[in-house]
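This document opens with one chain alone, in structure tokens, the form predicted on its own.
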Amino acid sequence: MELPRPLRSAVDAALVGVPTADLARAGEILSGRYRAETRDGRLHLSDDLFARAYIAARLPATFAALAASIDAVAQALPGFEPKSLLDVGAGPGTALWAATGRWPQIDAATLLEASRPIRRMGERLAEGSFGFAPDWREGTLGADLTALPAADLVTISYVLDELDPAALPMLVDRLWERTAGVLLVVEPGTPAGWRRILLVRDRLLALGAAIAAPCAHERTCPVTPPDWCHFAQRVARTRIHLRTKEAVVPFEDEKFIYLAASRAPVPVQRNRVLAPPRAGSGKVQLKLCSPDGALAETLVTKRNGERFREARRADWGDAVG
């Protein structure tokens, strides 16, 4: 997956004249803070250089994870056609680009972000790219979200690690109150990210939400440690991306986990593929989370006809019959 051409061009323009060595050093500091889930009271994106390092090194991967999650929502809820977006912890507006790419009818967006440098960067990247003016607002996850407009689609991605775990239930409540249609939460595909998603899931179920994806059911998650539920999206690296990360391989695999909760009933629950399929001669082995709440390894063979053909096309994270 690649960034949309207008966004890629805007990123390239924003990085003109910035020494690659400076981007690489700042990117390494950012990566260390993200991996350690550092909570020291300081913003990760505290100045312009960190904002530029973020769009060079992290934006392509977070966009890919959001776009894949949004695609899953569209498949699970084919009648969902949002016209408004609220993104909490918006960064450089990644969700805005991913959501409008799938649902071009979106004509209003409110983006809440605490970091002034990345907020300004997001405004720069989006300038002239949409048929409406995104409403950027300054605020933290602890802000009074009741001051924000409700939206058909509410998103929050890659920021729950910055929150005191004790504050998570109240944040979920506030996000759900702002949700007119679907709430989408995306987290890093780590055991810690998965555990946060489970806490969000439990809270949303208690609030009466319907789980649209990726779960095939609303029962207790059947995945148990040391395993954890997550997915992966391959990301094409641009030249500046390669240089910033001091990488050689022209792609990376972004691991992520997400949860989509809907106010409307989910039409049909389907099996979710929870690991890369293992294909052999005339057979495909699938690890599936099924609508009955079970987790099972399933062997699909040529004798299964259309189901076999679907299994051969299936990828990690897909919904299958």
Ligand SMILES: C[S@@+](CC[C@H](N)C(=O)[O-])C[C@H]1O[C@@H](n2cnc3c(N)ncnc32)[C@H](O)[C@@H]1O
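When you see a residue number, it is the position in the sequence shown, counting from 1. Since we're looking at a predicted model, the values are computed, not measured.
Separately, the form predicted in complex with the named molecule exists; it is not shown, and the next lines address it.
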Among the candidate residues Asp71, Glu162, Glu123, Asp152, which is the single one with a non-hydrogen atom no more than 4.5 Å from the named molecule in the predicted complex?
-> Glu162
Picking from Thr179, Ser157, Gln233, Thr100, the single residue whose non-hydrogen atoms come within 4.5 angstroms of the named molecule in the predicted complex is Ser157
Is Thr140 close to the named molecule in the predicted complex, meaning a heavy atom pair under 4.5 Å apart or at it?
-> yes
Taking the shortest heavy atom distance, is Tyr54 within 4.5 Å of the named molecule in the predicted complex?
-> yes
Find out whether any non-hydrogen atom of Pro134 is located within 4.5 angstroms of the named molecule in the predicted complex, and reply yes or no.
-> no
So in the predicted complex, does any heavy atom of Leu198 sit within 4.5 Å of the named molecule?
-> no
Exactly one stretch in 87-95, 198-206, 224-232, 73-81 has heavy atoms within 4.5 Å of the named molecule in the predicted complex; which is it?
-> 87-95
In the predicted complex, residues of 94-114 near the named molecule [heavy atom within 4.5 Å] | Thr94, Glu113, Ala114
